[in-house]
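Next up: a single chain in structure tokens, the form predicted on its own.
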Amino acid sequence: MTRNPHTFIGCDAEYAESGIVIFGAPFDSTTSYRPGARFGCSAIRNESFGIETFSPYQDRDLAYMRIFDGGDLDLPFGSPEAALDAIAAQADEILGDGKIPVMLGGEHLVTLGAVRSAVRRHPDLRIVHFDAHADLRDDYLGVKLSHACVIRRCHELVGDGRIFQFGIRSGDGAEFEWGSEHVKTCRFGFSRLADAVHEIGDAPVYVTVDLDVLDPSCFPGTGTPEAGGVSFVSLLWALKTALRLNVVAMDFTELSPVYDASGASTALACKILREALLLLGGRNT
């Protein structure tokens, strides 16, 4: 791979020397409410130069980490399955080289492509899922490949008791009924996250962060905002807790910058990504 000339701030190492690899999945063809998440990954790169590489939360600096940014994939907007295949192929190359892929969405369906790759290499994979929405529908308007169904599709790959959801505050009754038997859901916040970390132990983990887990008062730039979300500080704490696990892959999805002309949502996404990269990179310095 060759390095993308326009990188997330501080992530300009060469591929061979990097333990973490960023790539973008600019896809939002199944968005059920307001489209625009396809612009999220490029917006994060563009706006990242408004923050520092140094984190006062961790006393670490991205400038001293080895992180490669390969840019965005070229994805076919008319075919979710073809887009998922391209995402899986990219993740598979990164995982095959012993590196941690960090994918920037894009809508939440893109997670399925990377999870398909991760579970092939790690059959005992667990998923830690931060989101406002359960995403457990079997189909949405008759379509099974939708951002409203992504965690249901992931469950078909990993099975019962291996998906841990946090921050969930939206879904239809059937989702919550089905989920009560098949996944472990903590509604509204992160109160049971420490217990989940203990239960997961050393198993390989995929962490997926739908940024609409944040309250729309601080993160309005998303396609399906839901009142009652968490704060930046709460999400940062949750990441510090979850990223102690054996994380083999990670993603951030559902930033739709067009719905926040102030740029505050994108700036928040940049800061959360910086903190997550530093937490992951602490093991790859």
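We number the residues from 1 along the sequence you see. A quick note: this is a predicted structure, and the numbers were derived from the prediction, not measured.
Keep in mind that the form predicted together with another copy of the chain is missing from the display, and what follows is about it.
For the chain shown alone, residue 33 is a contact residue for another copy of the chain in the predicted complex, at least one non-hydrogen atom being within 4.5 angstroms. At a distance threshold of 4.5 angstroms between non-hydrogen atoms, residue 194 is out of contact with another copy of the chain in the predicted complex. Taking the partner from the other structure, another copy of the chain in the predicted complex has a heavy atom within 4.5 Å of a heavy atom of residue 137.
Of the heavy atoms in residue 277, none are within 4.5 Å of another copy of the chain in the predicted complex.
Exactly one of the stretches 79 to 87, 149 to 157, 115 to 123, 197 to 205 approaches another copy of the chain in the predicted complex with heavy atoms within 4.5 Å, and it is 79 to 87. Along 105 to 132, not one residue places a heavy atom within 4.5 Å of another copy of the chain in the predicted complex.
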